[in-house]
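A single chain comes next, written as structure tokens; it is the form predicted alone.
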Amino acid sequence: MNTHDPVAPIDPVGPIVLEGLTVRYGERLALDSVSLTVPERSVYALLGRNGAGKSSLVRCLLGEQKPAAGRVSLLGRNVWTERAAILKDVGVVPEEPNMPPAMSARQIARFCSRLYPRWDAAGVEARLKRFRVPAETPFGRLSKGQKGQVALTLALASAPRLLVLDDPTLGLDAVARKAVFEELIGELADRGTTVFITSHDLAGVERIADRVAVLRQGELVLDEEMDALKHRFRRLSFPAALTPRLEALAPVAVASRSWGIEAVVAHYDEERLGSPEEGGPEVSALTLEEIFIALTGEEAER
């Protein structure tokens, strides 16, 4: 049973436009005709469990991998034929930053400054100081968190129109994760940069994302504004006797408890079930993480 709303047709205008993106690895279908549009000056979060297709989508988005079918437009251009020109306006933070291990962050920044006309050298020094990254230590000797912070510092230094972040807080401790998201919030407030982010840190994403998409086994099963998403999903707790009335709401997830039934619905309708005062279920809002688990909890890891 399909418990998800159909994904709306894409708007042909946006910093990122994917149309019918399909990726195969032999017989395995990694992305199945994915279409989405990232609005200008927004934070767009792409979520999915391991193996859902996020990495394949990001590689196609950046022109690193050619899809089996579909089109990718980045800043209004074909990323496959105009990649070099496009990436001058795109900041990228990969999941695993890979820079010359013998060079320090300051040396890498000086090298990169020659490639970008809007390089912010003072901003680089300020961010490294805020992140407490030793500017003269060889990159190969930095911690995983420090390497990610260097990558973010360099990505922001070029004053990009678009920032692509591929799970930038993966493996970081709570303090480092907080610093990364606070830096992004400050950058967005100052410049209004468009941000495309994949992440497993759903609490962090919930703080900054305007729109959320969810991939499940290569299919886009949700693409919606954050506020609307959190408004329509609810958790219901009720006696088992109310189960027949719940079925009309097509619950996304249902679990039996010792005291009754707990369910997540995508479109709560009080008129069908009644308010708690009328003998209906207890109703509570959900976090982004709880919504994500309800949508993808039965997906097999691949």
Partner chain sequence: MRGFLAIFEREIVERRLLAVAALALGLIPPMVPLLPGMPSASPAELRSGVALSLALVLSFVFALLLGGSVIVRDLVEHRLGFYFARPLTGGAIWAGKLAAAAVLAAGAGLLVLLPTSLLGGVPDPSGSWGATWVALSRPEIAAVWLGALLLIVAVSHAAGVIFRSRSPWLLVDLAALGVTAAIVWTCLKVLARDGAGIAGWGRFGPAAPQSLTLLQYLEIAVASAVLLATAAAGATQVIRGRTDLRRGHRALSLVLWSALMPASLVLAGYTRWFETPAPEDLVNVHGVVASPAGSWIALYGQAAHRGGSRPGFLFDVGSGRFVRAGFGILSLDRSSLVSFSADGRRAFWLEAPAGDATSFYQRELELFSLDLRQRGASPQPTRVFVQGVPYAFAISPDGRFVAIAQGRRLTVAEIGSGRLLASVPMTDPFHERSVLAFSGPGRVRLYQIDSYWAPLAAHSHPTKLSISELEMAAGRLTTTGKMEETTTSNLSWILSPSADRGLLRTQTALQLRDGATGALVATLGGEGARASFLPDGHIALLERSAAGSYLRILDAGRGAEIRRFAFPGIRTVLVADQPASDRVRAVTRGPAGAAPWQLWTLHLSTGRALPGPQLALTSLPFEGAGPWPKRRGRDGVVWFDPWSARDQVVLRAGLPAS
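Positions refer to the first chain, counted from 1. Since the structure is predicted, the reported quantities are computational estimates derived from the model, not experimental observations.
Omitted here: the form predicted together with the partner chain. The next part is about that form.
- Look at 216-224, 124-132, 69-77, 93-101: in the model of the complex, residues with non-hydrogen atoms within 4.5 angstroms of the partner chain sit in 93-101.
- Using a 4.5 angstroms threshold between heavy atoms, Gly63 counts as touching the partner chain in the model of the complex.
- Leu202 falls outside the set of residues with a heavy atom inside 4.5 Å of the partner chain in the model of the complex.
- Although the partner is absent here, Lys178 sits far enough away that none of its heavy atoms falls within 4.5 Å of the partner chain in the model of the complex.
- The closest non-hydrogen atom of Ala174 lies beyond 4.5 Å of the partner chain in the model of the complex.
- None of Arg207, His231, Arg191, Lys88 but one reaches within 4.5 angstroms of the partner chain in the model of the complex through a heavy atom, and that residue is Lys88.
- Of the candidates Leu170, Ile185, Cys112, Ala159, Cys112 is the one whose heavy atoms come within 4.5 Å of the partner chain in the model of the complex; the others do not.
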